[in-house]
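To begin, one chain is listed below as structure tokens, in the form predicted on its own.
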């Protein structure tokens, strides 16, 4: 599978242009998402995150600027637009609200069938996508509405994955789930990235999830790109986080408190595993 590279060049987007309700949702945004990377998008509500990601598969067209997928301007013509939407799959918040078929397998196979595949080919793709997202075979012939919230979410993600995109954009994929459901979704997203080498764009309000999963991050504020770079570097820049209305991951906050109390704690540690490894030698000496 070819892995998609996404690029925005000076993209500005206006809602209701030329009216009293005009709003600049994106303001001259330029960024590159490399093939096969796992990148996070974060920012407070209204920062432009959702508008940004809807440009990645041409659901929205820039008021000005360009969006390129693998070097092609997606809005240049209808063929390129279609290719972009095939390459970049977008999973909105609460995607389970879009489930509609009588069985789980039929729901996931719906997209491939619409692409012109035979029933056998569509079912094969659907089964592969369901397996990748952690849905057990015993649920394939059940109604998706009989499943738990976490299972429905995995089925909805499988429905996009069955279209074999080379990039997957996930908008708050763990929203509304209990801790067990969140962990299961995150584990399967990591597995997809590892085994399929798919480009993943991960939007989340959870700084802990971003810290745990993402290699790089985009910090959005007021429709502009405030920061684009290494995740560890982003969380070390307290002034950037404060300006964007964000906070560091819990472990980073704990390490800073320990540092203030005189311990040689690693303030750039992002996860509990990193923190434990760094602190263990110091605790042994005490």
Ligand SMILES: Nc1ncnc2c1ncn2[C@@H]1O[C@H](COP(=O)(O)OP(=O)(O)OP(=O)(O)O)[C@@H](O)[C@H]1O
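If you're wondering where the values come from, they're calculated on a predicted model, not measured in any experiment. Positions refer to the first chain, counted from 1.
Keep in mind that the form predicted together with this ligand is not shown, yet the notes after this line are about it.
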Close approach of residue 118 to this ligand in the predicted bound form, 4.5 Å, heavy atom
no
Looking in the predicted bound form, any heavy atom of residue 46 within 4.5 Å of this ligand?
yes
Residue-level question: is residue 172 within 4.5 Å of this ligand in the predicted bound form, judged on heavy atoms?
yes
Determine whether any heavy atom of residue 205 comes within 4.5 Å of a heavy atom of this ligand in the predicted bound form, and answer yes or no.
yes
Any idea which of 23 to 31, 66 to 74, 230 to 238, 243 to 251 reaches within 4.5 Å of this ligand in the predicted bound form, heavy atoms considered?
23 to 31
Could you pull out the residues of 84 to 120 that have any heavy atom within 4.5 Å of this ligand in the predicted bound form?
93
